[in-house]
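So this first bit is one chain, no partners, the form predicted alone, shown in structure tokens.
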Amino acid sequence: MTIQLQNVTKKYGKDFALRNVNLNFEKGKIYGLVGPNGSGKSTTLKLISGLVFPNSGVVSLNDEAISRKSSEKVAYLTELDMFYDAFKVKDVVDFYNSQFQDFNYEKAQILLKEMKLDPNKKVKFLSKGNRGRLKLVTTLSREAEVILLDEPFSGLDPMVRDAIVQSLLQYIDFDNQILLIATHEIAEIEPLLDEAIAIYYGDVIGQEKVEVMREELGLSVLQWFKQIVAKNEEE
């Protein structure tokens, strides 16, 4: 299974979100899309999920162009909070179970317990951290080919972040899934990553295996990112 972006450009009005981007993603790996806010990370995920479409170039999943139907194969955790406040936690899980054929209800129940979420509590009474945990439950409970996480650590305290990291490692099927994490909080996801992709205001300025960074370059992902940004700005 592969995802490909071939010569992809995306504009919003006159502004470029991505410029002539070429990327390949393969199953069995965790990829980190790193860069500052507004760099094009969220747009990349939206293109893969079929929520937006390129102005030019092709985005494909398994050699088929991404379309609205791609949502059947892609689980997307948006940075936005999209829950109905009147729902209880269990209502949210039931809703997702009714909408996606690949939703694993039993897995969701296990994740609710691990995330310490009360099924009978109304969403409007959940803290921001617990709303973030609930978003993760609904995303990871899908057995989709592609898992996209947009800023999964945004506004969450360190203990919640640790729980998310553990859940990602435990509940992703690396034989059958691709995981992409977009974040500007680079240090948080470094322990998870196989490869890092640096996106800087619409341009992909670098891609490297994390193992190579550490063992051959002697750099953390954050150090690597700062280094290639500095080099890019000099040019």
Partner chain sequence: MPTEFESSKPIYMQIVDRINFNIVQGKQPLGEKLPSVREMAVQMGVNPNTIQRAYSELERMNIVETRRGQGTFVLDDTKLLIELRRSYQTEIINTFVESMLEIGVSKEDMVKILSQHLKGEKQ
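Because the structure is a prediction, the values reported are computed rather than measured. Positions refer to the first chain, counted from 1.
Just so it is clear, the following notes concern the form predicted together with the partner chain, a form of the same protein that is not shown.
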With the partner left out here, check for me: in the model of the complex, does some heavy atom of Ile30 sit within 4.5 Å of the partner chain?
yes
Although the partner chain is absent from this view, report whether Val123 comes within 4.5 Å of it in the model of the complex, heavy atoms only.
no
Do Glu211 and the partner chain come within 4.5 Å of each other in the model of the complex, heavy atoms counted?
yes
Please check if Asp194 has a heavy atom lying within 4.5 Å of any heavy atom of the partner chain in the model of the complex.
yes
Candidate stretches 33-41, 57-65, 197-205, 166-174 - the one whose heavy atoms come within 4.5 Å of the partner chain in the model of the complex:
166-174
Judged by heavy atom distances of 4.5 Å or less, which residues of 205-226 approach the partner chain in the model of the complex?
Glu211, Arg214, Glu215, Gly218, Leu219, Ser220, Gln223
